[in-house]
Each structure stands twice: as structure tokens, then as C-alpha cells.
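One chain is shown next in C-alpha cells, namely the form predicted on its own.
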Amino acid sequence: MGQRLRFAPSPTGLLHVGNARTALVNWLVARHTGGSLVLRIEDTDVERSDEENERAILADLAWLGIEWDEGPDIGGPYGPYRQSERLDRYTEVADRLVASGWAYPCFQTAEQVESLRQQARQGGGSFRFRGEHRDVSADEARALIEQGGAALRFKVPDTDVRFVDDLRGETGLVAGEIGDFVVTRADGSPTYNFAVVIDDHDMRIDRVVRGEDHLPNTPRQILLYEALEWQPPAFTHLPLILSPDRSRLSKRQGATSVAEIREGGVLPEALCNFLALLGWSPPDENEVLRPAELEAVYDVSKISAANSVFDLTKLEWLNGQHMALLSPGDLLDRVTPFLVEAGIELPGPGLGREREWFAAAAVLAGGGARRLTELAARLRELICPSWGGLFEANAEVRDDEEARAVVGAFAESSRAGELDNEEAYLDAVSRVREATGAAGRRLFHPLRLAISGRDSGPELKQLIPLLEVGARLALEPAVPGVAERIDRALGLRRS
């Protein structure tokens, strides 16, 4: 029987890469084991939770290709799946803890507790909070609660708390390391540790995969499971993702949200591939894996317990590899939003020849590109070249008689319509070679400069026919052909 896992983001901000990695691992484990993934929204932080953030998180997960089997948008047998809709359930379980003697009312504020902690530190002692009403009876506790203004604290027993983490083995805390902790605040709202235990139990979660930063919470949750006589799930705490300087990943090291990475031109399958490789290696050492391939081979138990580094160079390399795997039509679809942003409107679906040309241009311009934004910039320059830059780059062509003869001959072939396929281009190369005596770099370098203003780029036998075909299509903006580019490079035509 497959495992039930959950991903439970708080809608207090955008989905960042650490949470995206947690979501991905939960999804991969659920799919690999034939289990289910539950999406739960932990929105009890009323002041910071935001419906717009929730929508953005769900959109980012969908963009990544992470699908959930139960959740606030699709329902399921163990809902509701927003904590804000489960408050009555939390109250019910809190009353149960009071009745069984595991919880008691506490009127001391967080500021007062912190003052006691500071006093203990100044005296050189350890601090373990225990409230003054810790040992009242259940009836006395109810009477105090009815007065209002009391938080409920869990009565921590004098026992060790041990549990097994799938990556670290047995761990936990010894007796005396945990003070009595709050389960519901004075306003009745549940704390994280309390709500998550109830939710995971009610939703039949049997494996919890989350970040290492939750390790200190787990002993408290184990105590709640034991007090409520519930079976705790298995726990896997994923190591942290660090910046290259080994500090906690933050915005100052670059994009940290999924939205920022997407807007930077990264494919979702490349980001999933990258996040899956953090601390884990495929069995056959092939690192370029599509989501379906990851599902088949991913093994969370093989993740290293050491923290991982967010290597932007590695992410960009993987993105380039995944871009190269796309079909021409798919690559065009992926780059389209970035082209539109750059001012290039693509022809509609009914214009087959025009779209085919754009797809071929995307493949040709995309060689070696590592981001869709980079590809979009190359395509824009291909379609709408910078004439000033082209003229400036061709000073050496204008000053060289042989180079001018070479590019001039190609301009005439373009005007005659003789360069719109590879065979015609090669015929033109032979004629120009015979007419000018130029060969090798002396022939091809001035031609490349005059057409693109660059020293390198796609093969001319592919680039020139592509430009010639594009110049004859009804594209907007119009694609300048070889003759127009050469004329502007030589200063024969002005902007």
C-alpha cells in the first residue's frame, strides 16, 4: 500500500526554493510508492496569511508539475484542508487534553516567560518553564479557562523523547530539555505544533517529509501523539539549502522564490531536476532527468544528511540541457512569453509557415543558451537587429576591399533570391570564392560580421537561408534579409 504524504505551506509569502524542494520530494515519494499527496494550507497566522499568496503557491506548484490528490481546491475525504477551517477540531482536541490532565491554563505572557528565561541565564542556570497552574485538576482548569485570557500549555513529562529520523537514525531530547509549551494561545488559536499533529492524524498521514529546521519541533509533536494515544508518522527531515558561502539562502544571493526563477527563464522540469539532485545522485549517474524519470528512480533514503548548496551555475547548465531536449514547437511555446515581453508578437496558430519559421529560428538561436530569457534576447536580435551596433561592428569589413567584395556579392545573391536554402547558399559560396579568391576565414568572417555583427554564432549555411526565408514571410516586425543587413553594415542604407 502506498504512503500518504503531505505538503503544508503557509500562505505568508511566495513559494521559495526550500519549500519547493520539500514539495517535490513529497510528490516523488508519493508517486514512487504508489501513494497519495495531500496539500494542506497552514493559514492560522491570520495577520500574515494572504489569499493571493495561496493562489500564487498553488500556481507555482502547478507550474512545477507537482500534482496533489487531495487539497483545498479539489477536496478529499479528510478535509477541510485549510487550517482556518478546522478551528473547531483544534478546540475539541484541546478540551480533550485538559480533561485528561495533559494541558493546563497559563496566564503568563510571552514577555513574562522571556523575562524568567533571562533571569535564569543571568544566574547561570538552565530554564524549563512550568506554569503555576500546572497541577490543577481538570475541573479547576476549566474554571480558570472560563475566566478568559489563558493560553493552554502542554504538561511535559520528565522522560526522554526519542524518535527515528530516516536520514539521521535515532535522535531526540533527554528529559528536562523541553519546557511546558503552548498548544493554544489566549485567543484560542492553535500553535503550529498542536495543529500539525491533529491535521496529520486526521488526514491519515503516515510519512512526514519536511525541512531540517523542523527537527526541534518533532519531540514536542511526539509528546502530543503519545498523550493523545495516536500513532505518529515516520519522519524524514531534509537538509537545508545553503548559499555558496554556506550561509542560509537569502535574496541577497539571488532569486530564492520559484516565481523569480521562472521569470528568469528557467524551465520547470529543469528546476525539479536541480532540486532533486540536492544531496542525491541518480543510480546510473545520468543527471539530466525529466520528471517521469525522476519518479522511477528517486529514493529519499539515499539523500545525504549534509546541507546542500544552491549552485546557480549547475541550475543554468541543467536548464540548457532541458531546453535542448524540447521539440522546436515546444521550445517556441516556452519562449513565447519572453518574446512578447521583448516586443515580438508571434503569429497565431493558423499561420503554419510563419510559426514553423519562428520555431526553426528558436532552435538555431538557442544553441548553447542556458535560459529562455537568453534565447529571447538572441531571437530579438535576429529579428530586430541593432543597426547602429551592426554598423559599428563592421568597421574592419568596410576598410578591407576584399571583405567588401565578398559581402557585396552575397548581397546581390540575396536580392536575386538565391540564398533561401542550404544548397543555394553553397552554390553562392562557390561563386564568391571564384570571383574574389577569398576562402576560409577571409570569406566567412566578414560575411558573419556583416550579417550578425558578431564573431561567432550559428552556422552560416543554416543562418543565411533562415533569414532569407523569414524576409519573404509576412512577419511583424519584418525580418530583414541578408542584402538589407549587409547594406546597413556597409553604411549603404540608413535607419
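Bear in mind the structure is a predicted one, so any value in this text is a computation, not a measurement. Counting begins at 1, following the sequence as shown.
The protein also exists as the form predicted together with a small molecule; that form is not presented, and the subsequent description refers to it.
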Specify the contacting stretch among 261-269, 411-419, 210-218, 120-128, defined as having any heavy atom within 4.5 Å of the small molecule in the model of the complex.
210-218
Would residue 9 sit within 4.5 Å of the small molecule in the model of the complex, counting heavy atoms only?
yes
Should residue 225 be classed as touching the small molecule in the model of the complex when contacts are defined as heavy atoms within 4.5 Å?
no
Residue 42, heavy atom within 4.5 angstroms of the small molecule in the model of the complex
yes
Is there a heavy atom of residue 192 no more than 4.5 Å from a heavy atom of the small molecule in the model of the complex?
yes
Among the candidate residues 205, 196, 145, 94, which is the single one with a non-hydrogen atom no more than 4.5 Å from the small molecule in the model of the complex?
196
